[in-house]
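Let's start with one chain on its own, the form predicted alone, as structure tokens.
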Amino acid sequence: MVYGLTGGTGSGKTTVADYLREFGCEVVDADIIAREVTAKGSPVLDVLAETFGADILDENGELIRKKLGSIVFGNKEKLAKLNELMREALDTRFRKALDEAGSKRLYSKVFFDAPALFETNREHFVDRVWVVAADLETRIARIMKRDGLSREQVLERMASQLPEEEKIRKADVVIYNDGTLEDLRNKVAEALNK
């Protein structure tokens, strides 16, 4: 059984993933895999630089994620192109990581931590979906503080994601993260116990 873990930016999904690890679950992180796939010297990175411009790379030839983000967030065509260019390499690595996690047999539950699970049509990787949700203003404040972005930049990023209401509608489990960290930890434990 593989569980998808997703949620809008600023919802607290990363904190939920940390609690899942604490409770003995294996968590395969899509963002870490994406960083591996776009590492310096990778064929995917070369294609991205060719498509979006060499200025997405720093002087060492490494991806400047904020620069790429500023190009694709708020532009549906460019975001779709980015997803298309990365899909095959990511899907191959996702399958491998999930297979490895499942074959260890050390974990009773494997979670696929994928922020854009629905947006990139990767629901087929999972059997059930958990969505972490939070109030819009809370999410905006968290991202502004965490990433040093303006309100407008945060809203632009949010606009590239599926609306939270739709994610909730597609979820098997919804964890609302509008309280304290202790509340959130208890909600995760309760959802695991069910």
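Quick note: we count residues from 1 along the sequence shown, nothing fancier. On a predicted model such as this, the values are computed, not experimentally measured, just so you know.
What follows is about the form predicted together with a small molecule, which we do not show.
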| property | result |
| --- | --- |
| Contact assignment for the small molecule in the model of the complex, among R146, K66, R169, K40, heavy atom within 4.5 Å | R146 |
| Partner proximity in the model of the complex: G8 to the small molecule, non-hydrogen atom cutoff 4.5 Å | yes |
| In the model of the complex, G179 touching the small molecule (heavy atom, 4.5 Å) | yes |
